[in-house]
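Below you will find one chain, with nothing else, as structure tokens; this is the form predicted on its own, and questions on how it binds or moves follow later.
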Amino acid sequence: MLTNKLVGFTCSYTPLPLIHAAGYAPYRLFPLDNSKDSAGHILHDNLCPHVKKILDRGIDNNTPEMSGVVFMNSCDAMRRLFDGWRKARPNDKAILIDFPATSDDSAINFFALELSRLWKELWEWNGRVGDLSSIKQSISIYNDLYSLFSDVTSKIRKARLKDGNLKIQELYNKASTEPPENIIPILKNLQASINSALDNDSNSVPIFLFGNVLYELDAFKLFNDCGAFICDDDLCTGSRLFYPINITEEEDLFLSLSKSIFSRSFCARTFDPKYPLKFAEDILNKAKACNAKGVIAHVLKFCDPYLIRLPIVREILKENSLPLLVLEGDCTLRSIGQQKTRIEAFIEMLR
């Protein structure tokens, strides 16, 4: 369903196919650095810069026209963003969807009910009654998008194509703010021409990159300039955006979607109580799978879930002789630019 009606979102756990099926194009509110610093009047200074910069945009009216905004209660900062948004823009349509912190059966069932609540709300914003068949169509489109991203990303990274990661991130950013129907033809063209589109970069050092928000193309250019090649990533503005969604005729659609979201790669805020080391071991396994020589973590200031998990991640990587460099960011290029010397030294150490 190609449409220009936008619904904003701020978190990669947002069920994009539902927004699309309700007749909207999901539009990610990136934490742009071109609005006045105003969120401090509403939110505490020691809060995640991601949510504060999004709220800056809201206060500054630095957003496109949106039919509403979907917020995920995925961490306390996101919850505070919802509160701040309602205070700053009381006339906006907005909904907060609870996303459980654990991934057991009761959590999956609860989230399925939350998805059903979101579905009804989206159609209320539309002033019409939704048709469940449109969810299947949108899931099919997003599965195509996932498959294309997986194939193109895999080919670019396997061939270590120069500037390939900039192109991948450019497309992730575009897919976050435009209808999937706009992105699929671009990916298909790139898929067909990938062998001749970019130059090989065989002298750089393969690095696994993980963290939360990192979408600026200049940041990926900086990694390139420092001699790093991102051979795989686990970012909420990168590979965690799209995932396969499996549905069956027998199962409730919302339950199937809930299961699929819980089967994707988690960020640090989601915890499996039966397998407490899973987050760290997943990072280790992904780094090994892409033959990385080292790991870079890019985490935002005041992001407690990542700061809590980093010590065990460092310990497990150290046990497996994989060096880790932790970069702390504030959603500005200035902050990561200041880390250039550290990145260069890290890469030289790995050569």
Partner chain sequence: MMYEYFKNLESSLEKKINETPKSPNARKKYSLEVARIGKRLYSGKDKIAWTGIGVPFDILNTMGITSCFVEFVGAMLASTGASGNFIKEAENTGYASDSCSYHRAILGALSQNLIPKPDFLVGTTLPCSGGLAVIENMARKFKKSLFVLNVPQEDSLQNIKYLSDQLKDLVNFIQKETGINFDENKLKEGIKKTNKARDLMIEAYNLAKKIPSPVDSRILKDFGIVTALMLGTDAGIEVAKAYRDEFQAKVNSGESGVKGEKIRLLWIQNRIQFRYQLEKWMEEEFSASIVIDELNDITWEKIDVDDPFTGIAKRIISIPFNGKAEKRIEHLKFLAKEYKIQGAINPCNWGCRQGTGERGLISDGLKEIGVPVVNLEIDCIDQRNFAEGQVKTRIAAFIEMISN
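Positions refer to the first chain, counted from 1. Being a predicted model, the structure only gives us computed values, none of them experimental.
The same protein also has a form predicted together with the partner chain, omitted here; what follows describes it.
Although the partner is absent here, Asn143 sits far enough away that none of its heavy atoms falls within 4.5 Å of the partner chain in the predicted complex. In the predicted complex, the partner chain lies farther than 4.5 Å from every heavy atom of Asp330. For Pro273, a non-hydrogen atom is located within 4.5 Å of the partner chain in the predicted complex, even though that partner is not displayed. A residue is said to contact a partner when one of its heavy atoms sits within 4.5 Å of a partner heavy atom; Lys87 meets this definition for the partner chain in the predicted complex.
Heavy atoms within 4.5 Å of the partner chain in the predicted complex belong, among the stretches 307-315, 290-298, 29-37, 58-66, to residues of 307-315. Remark: none of the three candidate residues (Asn4, Tyr24 and Leu255) comes within 4.5 Å of the partner chain in the predicted complex, counting heavy atoms only. Site annotation in the predicted complex: the residue of Ile186, Val152, Leu96, Leu222 reaching within 4.5 Å of the partner chain with a heavy atom is Leu96. Residue Glu114 is the only one of Glu121, Glu181, Asp163, Glu114 with a heavy atom lying within 4.5 Å of the partner chain in the predicted complex.
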